[in-house]
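Shown below, as C-alpha cells, is a lone chain in the form predicted alone; questions about how it binds or moves come after it.
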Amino acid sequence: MEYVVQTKDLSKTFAGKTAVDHVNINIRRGDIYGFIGENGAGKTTFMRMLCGLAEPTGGTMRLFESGDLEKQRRRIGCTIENPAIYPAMTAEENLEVYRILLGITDKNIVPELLDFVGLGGFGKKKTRDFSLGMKQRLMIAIAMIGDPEFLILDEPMNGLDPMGIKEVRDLLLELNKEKKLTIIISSHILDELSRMATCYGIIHRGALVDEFTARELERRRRRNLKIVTDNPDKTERLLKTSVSANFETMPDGAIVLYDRLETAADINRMLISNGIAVSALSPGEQNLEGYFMDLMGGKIA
C-alpha cells in the first residue's frame, strides 16, 4: 500500500505557542481521510504545512513516499481558507486565470473541469452571483486545475445548506472513484463526513488523539437500545432496581440503554408486567457526533 502522506512528530509553533504538536499521520493512496477537531485544534495549520504554505518547526514529512517535497507538491491541489475568486469574472474566466498562472497549456482543461463540477452551463454568470455551493464547487475546480493526485480541502462544506452539502459530497465521492484522487477533508459536519471518509484522524489542541479506519469506527461505536414508554420516571426506577443497567434519559423522555441489550425481550416483559405501556423498543448505535465528543472529552465545537 502506497502512502501519499507520512508525517513523524510534525510540529508548528507560533510565538512560543504550539499549534501542531508532534503529529504522526499516515494517508494511504485512494483514501478519503476525514480530519476532525475543534476550532483551533490545528487542522488548518497542519494542512498548510502539507501544501508548503507554512514551514514546520519540528518533525519530518514525506509525500508520495518521497522526501523531495517541492517536487511532490506539484501533485497536490488544495483549498486552504478559500482561494481567491474574482467576483466580476465568470467561472470560466476564473479558471483561465489559474490555468495561466500555473503555466498549463491545455486550454481544454477549463471546460472539462467546469463540466465535471457541474458549472459548465452558467456561461456569462458572474461568480458574485453564485450560490455558496456553486462557489465551493468552483474552488474545488481551481484545486484540480493542475490535475492533482491528492486534494487537500479545508472545510469545503462549511456554511452550505443541505442541498449544497449533498452536491459537494457527491462531487468528492466521484473524484475519489473516477479520478482515483486521494483526499484529506476537514469538516465539522460529522454525519456527512461519515458518508465519505474511509479513515479518520482526530486532532485536539494540536495533538493527534487517534487515527483509525471507517471499519474500525463501526466497531467502536456504542450499541444501544432505545426504550419509549408512557411513564419514563417509573421506567427509570425499574431499570435501576430490577436490571441494574447503564442508561440515560433523553430530553424527550426516551431512555437509551447501553448494556444488557441481549435481554431486550425480558426488559420488555418486565415493564409490561409492571403496568408500563412500551411504545418503542429499538436497537441502535451511538451517533458519530456522540462518539467523537466522548473521544475528545466533549471539546468538539
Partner chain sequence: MNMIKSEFYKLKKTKVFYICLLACVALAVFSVILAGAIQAGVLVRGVEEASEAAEPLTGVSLLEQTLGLDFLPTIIAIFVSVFVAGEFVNGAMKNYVSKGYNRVGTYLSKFLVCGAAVMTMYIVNITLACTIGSMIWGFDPTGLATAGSIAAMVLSEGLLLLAYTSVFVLLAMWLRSNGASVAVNICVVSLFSTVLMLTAFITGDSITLANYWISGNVSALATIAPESGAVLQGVIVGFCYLIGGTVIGSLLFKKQDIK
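None of the values given here were measured: they were computed from a predicted structure. Numbering follows the first chain given and starts at 1. In this text, rigid core is short for the largest set of C-alphas that superpose within 1.5 Å between two forms.
The form predicted in complex with the partner chain is left out here; the points below concern that form.
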message: Since only the chain is shown here, I'm wondering whether residue 101 would be in contact with the partner chain in the predicted bound form (any heavy atom pair within 4.5 Å).
response: yes
query: Is residue 82 one of the residues lying within 4.5 Å of the partner chain in the predicted bound form, judged by heavy atom distances?
result: yes
query: Looking in the predicted bound form, any heavy atom of residue 250 within 4.5 Å of the partner chain?
result: no
- prompt: Is there a heavy atom of residue 74 lying 4.5 Å or less from a heavy atom of the partner chain in the predicted bound form?
  reply: yes
- request: For the three residues 118, 172 and 196, verify that every one has a non-hydrogen atom within 4.5 Å of the partner chain in the predicted bound form; reply yes or no.
  value: no
- prompt: Which listed residue (160, 134, 190, 145) meets the criterion of a heavy atom within 4.5 Å of the partner chain in the predicted bound form?
  reply: 145
message: Just to confirm, with a 4.5 Å cut-off on non-hydrogen atoms, which of 270, 61, 51, 255 contacts the partner chain in the predicted bound form?
response: 51
task: From the candidate stretches 160-168, 220-228, 181-189, 135-143, select the single one in contact with the partner chain in the predicted bound form, where contact means a heavy atom within 4.5 Å.
output: 135-143
field: Stretch 84-99: residues contacting the partner chain in the predicted bound form, 4.5 Å heavy atom cut-off
entry: 84, 85, 86, 87, 89, 93, 96, 97, 98
query: Once you line up the core, how about residue 90: does its CA shift reach 2 Å between this form and the one not shown?
result: yes
task: Examine residue 208 after superposing the rigid core and state whether its CA is displaced by 2 Å or more between this form and the one not shown.
output: no
query: Taking the rigid core as the frame, does residue 142 move its C-alpha by 2 Å or more between this form and the one not shown?
result: no
